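To begin, one chain is listed below as structure tokens, in the form predicted on its own.
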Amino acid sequence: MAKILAIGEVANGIPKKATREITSVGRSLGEVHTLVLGTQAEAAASEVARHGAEVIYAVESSDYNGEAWSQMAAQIVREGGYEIVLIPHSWAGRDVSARLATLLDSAVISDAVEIHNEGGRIKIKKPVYSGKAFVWLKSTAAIQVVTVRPNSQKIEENPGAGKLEKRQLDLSKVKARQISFIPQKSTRVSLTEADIVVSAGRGIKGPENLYLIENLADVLGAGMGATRAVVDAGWCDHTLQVGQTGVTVSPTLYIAVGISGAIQHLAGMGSSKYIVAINKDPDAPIFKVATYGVVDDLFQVVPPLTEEFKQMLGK
């Protein structure tokens, strides 16, 4: 049986959704142990164990430090003799995975949307050519490092022993330190972890109409996104950009409002399970990937749609 290390993040004692996801995936592939880093990491042990971790390495870290995190992970991989390392394909995961693979003299297979264990070798499916196609890859490295796209895998409860082992970061030799942190002020779920995402395109015509997207997202408890054109125009913050040069999302439901469907945007949301497009142009490229399409003026569709959801959800 393959020995697997999942590396995830914790915030205030709560493991992020992607941490639970890669632990579940690891459990389905072999024996999984989970390294959790973040604030109140020890408090997350029982939740991580619930999803299959036999051993939990808890590392308290008030600030993100990719250098220190990857050094800690490399030490644990070597000591434990792990053959496979799973990491969320988040901004932190992309940083840590590259550093870790370098320290282990290995390589990274990134952005897996499907993953299998074939005789101890990881085989993954990942999007290529801006989401136009998929490719299957198999790692030949001695230690296989894989990043997994958030929201692409099932989270299942399959309890492991959950043996807790506390570790401490060594910050004495790191070359970069965090000197300040400005948290994003938002009550909405993060884009990468959202089951539902509502995104705005240039069809909303201006920032004064962004409230239509905000209202719909709030009613659905959804994350809010936007196209590059909307962000470049200064209508909303760059952290909301979905696409090849922004955030990649894989929600269960993606609602594209006033979005034409440029290939750059499709690369960031094309793996969504269901896509609903609202656009008055019947020839818009977004309809080629949409599960359901509404050809109509968004200003006539979104407000009554939001009210209907309010009544259905009792809000």
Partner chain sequence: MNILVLIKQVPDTEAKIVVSGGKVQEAGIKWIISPYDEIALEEAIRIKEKTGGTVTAISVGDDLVQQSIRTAYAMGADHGIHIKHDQYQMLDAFAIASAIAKAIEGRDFQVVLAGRQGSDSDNGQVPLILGTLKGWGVVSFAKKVEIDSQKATVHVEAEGGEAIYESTLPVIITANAGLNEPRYPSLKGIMASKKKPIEVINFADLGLGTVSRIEILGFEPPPPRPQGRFIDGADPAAKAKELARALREEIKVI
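Quick caveat, the model's predicted, so the values are computed rather than measured. Numbering follows the first chain given and starts at 1.
Missing here is the form predicted together with the partner chain; even so, the following discussion is about that form.
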Checklist outcome for this item: Of the candidate stretches 243 to 251, 49 to 57, 23 to 31, 36 to 44, the one with residues having heavy atoms within 4.5 Å of the partner chain in the predicted complex is 243 to 251
Next on the checklist: Is it the case that E79, even though its partner is missing from this view, gets within 4.5 Å of the partner chain in the predicted complex, heavy atoms only?
Outcome noted: no
Checklist entry - Taking the shortest heavy atom distance, is Y211 within 4.5 Å of the partner chain in the predicted complex? => result no
Next on the checklist: in the predicted complex, is there a heavy atom of the partner chain that lies within 4.5 Å of any heavy atom of A176, even though the partner is absent here?
Outcome noted: yes
Next on the checklist: I'd like to know if G119 sits close to the partner chain in the predicted complex, meaning any non-hydrogen atom pair within 4.5 angstroms.
Outcome noted: no
Checklist outcome for this item: Residue within 4.5 Å of the partner chain in the predicted complex by heavy atom, from V189, A141, I155, A233, is A141
Item to check | Heavy atom within 4.5 Å of the partner chain in the predicted complex - qualifying residues of 31 to 56 | outcome: none
